[in-house]
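Presented below, as C-alpha cells, is a lone chain in the form predicted alone.
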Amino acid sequence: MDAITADLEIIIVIAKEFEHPFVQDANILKQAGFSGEHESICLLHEKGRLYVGSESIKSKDIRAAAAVAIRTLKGTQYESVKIANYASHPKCTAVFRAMVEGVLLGAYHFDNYKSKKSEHKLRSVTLSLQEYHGYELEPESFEQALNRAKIGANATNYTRDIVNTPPDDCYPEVMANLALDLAKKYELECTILKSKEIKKENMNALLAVARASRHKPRVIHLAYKPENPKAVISIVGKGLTYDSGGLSLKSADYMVTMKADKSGGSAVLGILKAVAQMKLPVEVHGFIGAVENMIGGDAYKPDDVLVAKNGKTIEVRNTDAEGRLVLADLLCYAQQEVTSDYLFDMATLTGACVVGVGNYTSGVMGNDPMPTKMVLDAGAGISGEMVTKLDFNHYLRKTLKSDIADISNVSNTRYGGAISAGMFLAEFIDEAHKEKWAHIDIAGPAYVEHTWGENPSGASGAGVRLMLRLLEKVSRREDHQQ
C-alpha cells in the first residue's frame, strides 16, 4: 500500500478486529469515540486516513461500508484514494467485488435537474491486491471480479437514472427508445409493440390501464441470444411510467414518487445491458409493459370487466391495482413468445409488501420452491439485495373470487395483499411455466426517500444486481445445458 500514491487511504475496520495491527491509529480513534460500529466514519485529515466501520467481512457489509466512505468524501477536496483488500481466503473475490460495487454505487448522485451540479473532486480510487490478512491473491481472478463489479454497478446506476427521471420526461415511448438504443449498442434483438399491435395480441387489460393517458403504451421485448446458451430465462418488468391510481385516485401524499412505478421495467433494461456486456452464456429475454395510468373521460372504471390475453375475465374493483393487469397480459405475451427454463417478473406491485417486510426487502413468491430459492440464494448473501419468501395459500386465493368474472383484480380483505397480488398473477402462468416462475415484489427497496447502505435517497436500482447474480450462477451450472 505504501507504494501507491493517493491523497487519502480508506481503511475498513471490522468491529471485532479493532485491535488488528493495520489499525495504526487505534488510540486516536478510541479518543474520538470510534469503535468500528457498522457504517460509522472517522476522518483523520492530518494522518491522511479515513476509517469506516463494518459489522463483518461479509460482502453485504463491506459493500455498504465502501459506499459510505465514498459518499463521505463528497464536498471534500480529495482527488485520489486507495483501499487495501479483504478476503476470506486467497481465491475468494466476493468481498473485493462488493468493495468495487460499493465505491461505484456510493458515488452515484442524481442532479440532472439542479441548476448547480453536485461537486465531487474524487477522480481515482485505487484498490490494492495487498490483503489485510496477508493472503497472496491471484490477479487474474480479481481482474474478472473487477470487470463484473463495474458492469453490475454501472447497470444499477443506469437503472437508477431511468427511475429517477420525472414522468413528463420518461413515458412509454421514451422507455421504448431506451431499449432500441441498448439493442443498437450491444447487438440485442428488440421488438416494440405499439397500440395497434398490442390490440392484435388481445392484451386488453394492459390497454385498459393505458387508455386515459396521452402517452400511448409500448410493449418491449429485448433479447440477448448467445450461441449455445446454458439456459433460457425470461424477465418481465412492470413499467408504469406514472401511476395516478386512475379513477381510484391516490391521495396527494401517495402520488408523490409514483415515477418509481417503472422500477421493474427499468431494471429489465439495466439487466439486459449488463448481461450483454458480461457476455454470459445464458439467453435472456426482457419484457416490459410501458404504460401510464391516468384519469380522464376515457379512463377504465371500477366495475369494468376486462378480458385478458389468455381469455380470463377480470372484474375491476380498484383501478389503482393496475400493475397486475399490465403484468397479466405481459406474462401471457412473454410465455407465448418464449418457452423459458425460468420465468421471473419484477414489479413495484403492492404497498402491502412494504407493510409486511419493510422498505429494504423484496418479497418473492411462486408456485414452486425452485425458482423462489434461486432468487433467495442470489439475495443479500452475494448481491446485497435483501429478499424474503412469502408463501401462497389457498385461503387467500379465495379472496380474489368474483361473482361476475373469473377473478377480481383485488382481494376482498385488506390483509395479505402482497401474496394475493402474486396469486392473481399466478392465474396467468401457463402449464409449461407453472413450476418455473417466481414473482418478485420490489415495492419496498425500489425507491426510498433516504440514504441507506450503498443506496442513495431515491431510486436504488433494485433487482439488477439480484438478477445478475442469479444469471451468473445459472451460467456456471452444467445441468442447464440445452
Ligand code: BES
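All of these numbers come straight from a predicted model, not from anything done at the bench. Don't overthink the numbering: it's just position in the shown sequence, from 1.
Not on display, but discussed next: the form predicted in complex with this ligand.
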Answer for V163 alone: is it within 4.5 Å of this ligand in the predicted complex, judged on heavy atom distances?
no
Test of understanding: in the predicted complex, would T350 fall inside 4.5 Å of this ligand by heavy atoms?
yes
Using heavy atoms and a 4.5 Å limit, would one call D243 a contact residue for this ligand in the predicted complex?
yes
Partner proximity in the predicted complex: K121 to this ligand, non-hydrogen atom cutoff 4.5 Å:
no
For this ligand in the predicted complex, the stretch among 139-147, 170-178, 250-258, 303-311 with residues bearing a heavy atom within 4.5 Å is 250-258
Work out which of V410, A155, V81, V275 lies within 4.5 Å of this ligand in the predicted complex, going by heavy atoms.
V410
With this ligand left out of view, choose which of D320, E315, D341, E201 has a non-hydrogen atom within 4.5 angstroms of it in the predicted complex.
D320
